[in-house]
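Given next, in structure tokens, is a single chain: the form predicted alone.
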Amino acid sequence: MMEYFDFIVIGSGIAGLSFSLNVAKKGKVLIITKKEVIDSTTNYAQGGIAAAIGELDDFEKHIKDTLEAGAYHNKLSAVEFMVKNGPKYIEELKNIGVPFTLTSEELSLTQEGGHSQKRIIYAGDHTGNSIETTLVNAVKSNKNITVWENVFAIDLLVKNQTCYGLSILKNKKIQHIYSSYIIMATGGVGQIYKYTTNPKISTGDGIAMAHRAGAKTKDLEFIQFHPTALNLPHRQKFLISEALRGEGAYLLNHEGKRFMQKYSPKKELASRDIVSRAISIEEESGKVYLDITHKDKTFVKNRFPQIYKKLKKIGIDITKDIIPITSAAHYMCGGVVVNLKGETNIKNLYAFGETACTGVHGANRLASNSLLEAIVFSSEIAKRLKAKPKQNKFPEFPILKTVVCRNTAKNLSYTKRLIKEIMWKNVGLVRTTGGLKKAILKLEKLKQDFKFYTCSDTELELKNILDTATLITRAALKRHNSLGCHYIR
């Protein structure tokens, strides 16, 4: 029996959920996610969501800051679309119950790197989790939305530049599902790197799937590294929000001295590409630290409750101790090319959020523009889409057979670690042409030598990691000059 939905959304972050809620009144929606619906990059976002709503702020200032951070590689029409539609979606999030922090009944605003004004709306230091939880609850109560968890999207079903659905791995069986609209909202790529702030699900699945289907990609070389991730041996690179610097935290070198004044007049509030590279230079002499101990202790505990609790558990009291930090892979600024209608070059295929390249971020994302871009594009475009009549006939697509997996768990794990090492060493924060060439040779050899079998999500995910890593490295090799977060030494 053919399974058909009016809309199929791949991914359950802010982009996928907000799109689904906005089109649910137009037809039946299916959300598929490879883990649980709450597992998304959105859920890990600490800082906030940017919008020009302050008394001293305006659209032109927000646009200017976005362009400046993006090294003017941005698409102006996309930036204007996001910025000018931003405030109304902040209001919508507030109205559906996102518990943003308030000051005297008004939304509290803070500042982050690259912003000339206080324009970051936040919910403590767990904004992403607050938004994700609110949207998930709204989705679960909507009768027109079905959620399939632990379902892996394998490939898009495309013929003659038209997408009709996708093949999935569900309950260890491969099947096809069909739709009039297929939405890619699969998040980021951080797990192709050895060190990342991203959750384990961020393996570039959407980029790889779209590329294999013939969708255009752009600006994949622009991988943003977050300047402040916890730097302790044998511990995950836990994100330390940029909002700490927005509230006055200092960056210190191994001598306990501030150093950002050497690299930018904006000091700690320079854009992320500048701060990350400054940290990498200082690390040549020793460890780098984040210091907020000079701020009021009660304020710090109340403003950053999750970070305070998390670090206190491992012996760091941020009200008294400086925090060892380093940079880690954080955000994909490019992606699957879309226009201002969310459309790719393949009919019926759309992309939103970190998977998409709208042109908003240019060569380097301005802090807290990611959640804004995801909700503005997905919601605004969803409202404009018209439901299509149900199709009863589709082209025939052969269903792949699951075969016995001949790769051991040890072999899969080793190959994944090898890819991460290659990417971190050669396609990281600071790159060289020689290093990029070495990386592509190693990745291509892995593609030739490694045998993939359609038998498990672990193996399918590894294939996506390898495909995405290769695409990013090839894009980096084509850009010979430094720009934004693509830095060639």
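In this text, residue numbers run from 1 along the sequence as written. Predicted model only: the values in this text are computed from it and were never measured.
Here the subject shifts to the form predicted in complex with a small molecule, a form of this protein not shown in this document.
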* Go through 385-393, 312-320, 241-249, 93-101 and give me the stretch that gets within 4.5 Å of the small molecule in the predicted bound form, heavy atoms only. => 241-249
* Might residue 367 be said to contact the small molecule in the predicted bound form, defining contact as any heavy atom within 4.5 Å? -> yes
* Asked: Is there a heavy atom of residue 112 lying 4.5 Å or less from a heavy atom of the small molecule in the predicted bound form?
  -> yes
* Asked: Taking the shortest heavy atom distance, is residue 66 within 4.5 Å of the small molecule in the predicted bound form?
  -> no
* Classify residue 330 as contacting or not contacting the small molecule in the predicted bound form by the rule of any non-hydrogen atom within 4.5 angstroms, answering yes or no. => yes
